[in-house]
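We begin with a single chain expressed as structure tokens, specifically the form predicted alone.
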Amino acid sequence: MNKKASGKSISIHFIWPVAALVLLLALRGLLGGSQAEVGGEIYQNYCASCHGEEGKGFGELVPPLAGADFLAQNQDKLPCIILYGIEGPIEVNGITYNQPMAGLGFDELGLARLSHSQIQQLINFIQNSWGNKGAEVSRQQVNDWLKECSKPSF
């Protein structure tokens, strides 16, 4: 069964799966995609390979996120660190780390790999996981912090 639109044939076999996918994504956002779940998925996809499943880091090479004093002390810098990465020594829980962290950065088209909303969700997940008790950040805070941001150095 084909319908004509603008002189081109559109197959119902194409439209139905696309419509179903859009509906599932919308329902997930409304029902099952809580900020913590989305932040957790982003963490698993981008951060866990270095910082670990439980945010414990890796020895003296990769700092922990679990119980990290650095998070609370540098909350306004977290969006920039996520986007651009960080180089140079930083102190986390009394230990100095000096390995560069690659940021999630931009794709080949120059678009950020994560939206401001996803960065917000990631920060809120990290700051409220593994015993962390960080303040929730709003999308507006992330937007404002990213406006001020350039590649950070500490």
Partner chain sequence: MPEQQVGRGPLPILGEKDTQVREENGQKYVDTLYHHIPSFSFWDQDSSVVTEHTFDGKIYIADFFFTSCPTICPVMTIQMHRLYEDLRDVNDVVLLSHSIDPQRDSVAHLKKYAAKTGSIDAQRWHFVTGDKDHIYEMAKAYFENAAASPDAPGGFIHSGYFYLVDKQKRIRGLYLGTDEKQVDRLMKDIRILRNE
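None of the values given here were measured: they were computed from a predicted structure. Positions refer to the first chain, counted from 1.
There is another form of the same protein, the form predicted together with its partner chain; it is not shown, and what comes next is about it.
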Exercise for the section: Report whether the minimum heavy atom distance between Ser49 and its partner chain in the predicted complex is within 4.5 Å. Expected result: yes
Problem - Heavy atom of Glu60 within 4.5 Å of its partner chain in the predicted complex - result: yes
Problem - Residue contact check: Leu109 to its partner chain in the predicted complex, 4.5 Å heavy atom - result: no
Handout entry: its partner chain contact at Pro100 in the predicted complex, heavy atom, 4.5 Å
Key = yes
